[in-house]
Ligand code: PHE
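Here we start with a single chain on its own, the form predicted alone, put down as structure tokens.
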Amino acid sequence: MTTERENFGSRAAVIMAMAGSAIGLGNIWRFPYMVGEYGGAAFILVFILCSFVLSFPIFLSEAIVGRKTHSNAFGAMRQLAPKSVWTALGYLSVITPMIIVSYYSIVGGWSIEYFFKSFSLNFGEFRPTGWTTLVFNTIFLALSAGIVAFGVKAGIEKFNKISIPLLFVLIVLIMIYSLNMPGAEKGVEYLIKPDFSKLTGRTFAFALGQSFYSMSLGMGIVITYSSYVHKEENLVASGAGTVLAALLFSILAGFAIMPAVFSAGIVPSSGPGLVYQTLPYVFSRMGETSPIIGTAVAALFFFSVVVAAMTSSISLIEVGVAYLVEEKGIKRSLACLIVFAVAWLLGLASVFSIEVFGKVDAFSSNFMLTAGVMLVVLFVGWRMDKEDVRSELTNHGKVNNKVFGVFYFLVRFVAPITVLAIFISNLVL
């Protein structure tokens, strides 16, 4: 169905939107606890390597599909490979973000709850499930869907232009404070001194999975957002800006959180609740010395987590909304309401069971994202016409001609073999 489509207004807007999708709970919530569970500095090195060698060319592959078709994730595959098995990739690209946002919004809800609690510094015991979780999950989902309802420019672009610079300022301020806490040097050492004896197949598997998660790969987000990018835009330049922003923010988040973890004497491998178990304790200790400082730092931190969660959740929601608007002819406001309802219902089991939450997170990040990524690189590397791929990446030969050969080799050979190896390791490890 043909509809008038919006586009992002500039390269800065593209990078802010893409970075807004990439910079989220995957960086500020998930990255620190993954670092804690899978090897500290050694995990970080593997994560950086995966981001440049694999995730960047995969990001460009999804961007090529999106911008070439100027369509939603499903519509893109319908255009490029009509009535073929490749439409399965289109369906997967719409379903995966719905599943992810169903539990992602729960963490966003925790963040809103803790933001309000920070004003009294009375955090209490961390309770990740229950009726309170349902209430804040609902609030978070409703706010995210509301932003998407305003559209690409008035909603997504405007929100990210404000939130991304703000996020970097906030995380730097928190990092400075964290690094000056007693015992913080142990956290810094944990982040910068790799213990290569901890490198295992599981480390590589989860580092690559975290890289996919952090850069929003395999979710249909990059395809959808790239469909709003002008034909004149340099995909490599905007993609590189996104990758660097996501990497930088992840590292900053690690240095903001891990020194505080060690200062508090908390085990770094505490899992998904690391941020919500560790930092309230730290903030409460601050409050004993100076209630004003403790309250200010706590509110600042959890506000940043809320903003980070929101930038990613709106991109997850946009995938489903774009599908409903363009494929089903539904008005954007109603499409937002439908996606909200579907995500809310899908998340009910996770709201009341942390075991379900963990299983859904593991399955979506280690299997669904990996499957989506594998299909994308196979499609771009082996199914799409090589000259079409070249034309899109180089803007018809105007830019990026020297990097095309390297990109194409990575997409055709290195990425599929590596992703397959990781997928198999996820099954057996």
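Quick note: we count residues from 1 along the sequence shown, nothing fancier. In this text the structure is predicted, and so the values were computed from the model without any measurement.
What comes next is about the form predicted in complex with ligand PHE, which is not displayed.
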Position in contact with ligand PHE when the complex is considered in the predicted complex, options 223, 208, 316, 261, heavy atoms within 4.5 Å: 316
Which pick from 216, 72, 105, 93 sits with a heavy atom within 4.5 Å of ligand PHE in the predicted complex? 216
Heavy atoms, 4.5 Å, ligand PHE in the predicted complex: which of 26-34, 44-52, 378-386, 399-407 makes the cut? Say which one. 26-34
Hey, in the predicted complex, does residue 22 get a heavy atom within 4.5 angstroms of ligand PHE? yes
May I ask you to state whether residue 312 is within 4.5 Å of ligand PHE in the predicted complex, using heavy atom distances? yes
Decide whether residue 322 counts as a contact residue for ligand PHE in the predicted complex under a heavy atom distance cut-off of 4.5 Å. no
Heavy atoms within 4.5 Å of ligand PHE in the predicted complex: does residue 100 have any? yes
